[in-house]
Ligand code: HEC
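Form predicted on its own, single chain, as structure tokens, below.
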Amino acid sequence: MFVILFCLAMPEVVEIPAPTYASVVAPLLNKHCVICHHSGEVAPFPLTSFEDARKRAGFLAKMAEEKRMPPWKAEPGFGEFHDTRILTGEEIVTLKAWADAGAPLGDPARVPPLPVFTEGWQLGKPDLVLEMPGDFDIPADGPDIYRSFVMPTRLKTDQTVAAIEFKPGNHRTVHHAMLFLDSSGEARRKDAADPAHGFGTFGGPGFLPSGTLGGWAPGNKPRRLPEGMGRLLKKDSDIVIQVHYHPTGKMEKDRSKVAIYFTPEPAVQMVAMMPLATRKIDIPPGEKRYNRHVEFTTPEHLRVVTVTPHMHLLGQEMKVRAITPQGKEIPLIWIRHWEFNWQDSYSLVRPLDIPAGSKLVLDAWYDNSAGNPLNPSSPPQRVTWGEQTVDEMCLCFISIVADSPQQLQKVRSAVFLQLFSPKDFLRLMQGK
């Protein structure tokens, strides 16, 4: 007979040390957060010291778990973009573990130095610097303000733009900015009709732009277009900057600037803006999941460089993709949880090739119920396309290049024919 002896050993309890500010949390905050959370920036409080972070440890963990901070609305894995602001799962767990442990400091000698923030132009000496014509006053409180400012270039010849760098005059109150081109003089006329600097806008730029130069949001880095590409800046045209201001609790002033970098040689491939949109919006009151579906079939091969989704306060979600003639899906962007106050222009890591005959597809969803805390109407009202706060839009600006100027023009003409009447297109771009 065999006797089998079992040796049952008690499992050893191994205590894993809690993460500390010095060794783990400070580097994490330096990497993701302090670019906005330091003195003079748009964030409402700094995160540049142990005490700054310690007293908000639970709040930071909660914001990270809910993926509300850092502010990055593009869905991970659906498109690949520059300057992505996303915490990893491990980083989120780390912040929670640190908060749960009482936010320990650790060894003060191991606290890393803060990042050095560049004071001058990050891309070097610009070819052209433009500034708002004067200080704009932002009241201490009240709703957010959307204001467009006209900056004449006074160029004597056409140029092609490789990059722009926007510099807020007041980081505390400038939330984000979008940059448009105007060669018609319409923005100047709107500016002249308003006694204050600039003119008020909410949704679209309020005029028919001749092009775009992209946008700026905290955390974005200026970046040159790929070699050989450029955006056309016509002689004597204007740059119009639409700025989103957030009141800070005290009177503020802003006088922002923009630096322009031209291509060393005239660009071979012109980057142009294509609106994927519909004006056919009619949202009944109480509708929680209203959908708009837009399809455009490109007659030519093209490449996508940037995407800029746009809706208003009822917007909940937007998904944009391309489907090739063979049925392959090419993801462009997916904003699963739209927030009007966190709009951005998303620059692709590499231009995406879209074959001729492909469909560019946009789906957008809206919540016009009383359960939507951002609904501007109480009780909810019928909502259609328009410029005002109570109206809606369904639009994604897509910056594209084609193999030749003729093919680019053919694509842009096809947008007119497939998506809009000429009258509707003008109204779309004028925000009407």
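Computed from a prediction, not measured in an experiment: that's the story for all the values here. So that there is no doubt, residue numbering starts at 1 and follows the sequence shown.
Heads up, the form predicted in complex with the ligand isn't pictured, but that's what we're talking about next.
S.K.: Would L60 count as touching the ligand in the model of the complex under a 4.5 Å heavy atom rule?
M.R.: It does: once the ligand is placed as it appears in the model of the complex, L60 has a heavy atom within 4.5 Å of it.
S.K.: H32: heavy atom within 4.5 Å of the ligand in the model of the complex?
M.R.: Although the ligand is absent here, H32 would touch it in the model of the complex, with heavy atoms inside 4.5 Å.
S.K.: Just to confirm, P44 within 4.5 Å of the ligand in the model of the complex by heavy atoms?
M.R.: It does: once the ligand is placed as it appears in the model of the complex, P44 has a heavy atom within 4.5 Å of it.
S.K.: Heavy atoms within 4.5 Å of the ligand in the model of the complex: does P247 have any?
M.R.: Answer no; every heavy atom of P247 is more than 4.5 Å from the ligand in the model of the complex.
S.K.: Using heavy atoms only and a 4.5 Å cut-off, determine which of W342, F81, Y261, F199 is in contact with the ligand in the model of the complex.
M.R.: Selected option: W342.
S.K.: Though the ligand is not shown, can you say which of M229, L87, I323, L130 has a heavy atom within 4.5 Å of it in the model of the complex?
M.R.: In short, L87.
S.K.: Okay, which stretch from 273 to 281, 68 to 76, 229 to 237, 111 to 119 lines the ligand in the model of the complex, with non-hydrogen atoms inside 4.5 Å?
M.R.: Among the candidates, contact is made by 68 to 76.
S.K.: Suppose contact means any heavy atom within 4.5 Å; which members of 259 to 279 contact the ligand in the model of the complex?
M.R.: Counting only heavy atoms within 4.5 Å of the ligand in the model of the complex, no residue of 259 to 279 makes contact.
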